[in-house]
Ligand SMILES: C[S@@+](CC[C@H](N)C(=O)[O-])C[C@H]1O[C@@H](n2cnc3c(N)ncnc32)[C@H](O)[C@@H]1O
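Just the one chain here, the form predicted alone, laid out as structure tokens.
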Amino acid sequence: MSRLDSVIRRLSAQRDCLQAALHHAPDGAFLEIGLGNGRTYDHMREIAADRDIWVIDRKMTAHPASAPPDAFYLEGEADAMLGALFARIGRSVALAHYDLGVGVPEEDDPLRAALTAPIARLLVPGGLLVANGAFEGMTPLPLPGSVAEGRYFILRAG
């Protein structure tokens, strides 16, 4: 499979998983972990216009049309920003989307492991995490039929 086909499959899986998770998310805010260009954040605010959407990223690189309001954006390293967000809003996130990493398991797996607890403590009971990788200690939920197993993940917090 070409890298172009792979990214198309990944983005389709991301969209389909977010849409599926939206229908099962409890009450609460949403969180985008890894803003990048802002495409996923833009999609989240379209499909969940009634939710507060918090965003963290190392550096603002989003297209101006896809940038969150300053009041909902925290800039810095993920672990520190997750801690800062917890201090600000506590355990009030119903759905988080995690899209950090470079696609190299040796680099991405330790980062996910290090961020599991800080993400989990933000999630309300039954909160969901839609992610580009598996997270230890969270319950995998069924994927939409359009998403290949292991391509993307919908996880429920304990």
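In this text, residue numbers run from 1 along the sequence as written. Given the structure is predicted, the values throughout are model-derived calculations rather than measurements.
Just so it is clear, the following notes concern the form predicted in complex with the named molecule, a form of the same protein that is not shown.
For the three marked residues, Ser12, Asp16 and Val147, no heavy atom of any sits within 4.5 Å of the named molecule in the predicted bound form. When the named molecule is considered in the predicted bound form, only one residue from Gly34, Gly28, Gly133, Pro118 comes within 4.5 Å through any heavy atom, namely Gly34. A single residue from the set Ala67, Ile89, Ala48, Leu100 has any heavy atom within 4.5 angstroms of the named molecule in the predicted bound form; that residue is Leu100. Taking the partner from elsewhere, Leu111 is found to have a heavy atom lying within 4.5 Å of the named molecule in the predicted bound form. Residue contact with the named molecule in the predicted bound form: Gly127 places no heavy atom within 4.5 Å of it. Contacts to the named molecule in the predicted bound form (heavy atom within 4.5 Å) from stretch 77-95: Glu77, Ala78.
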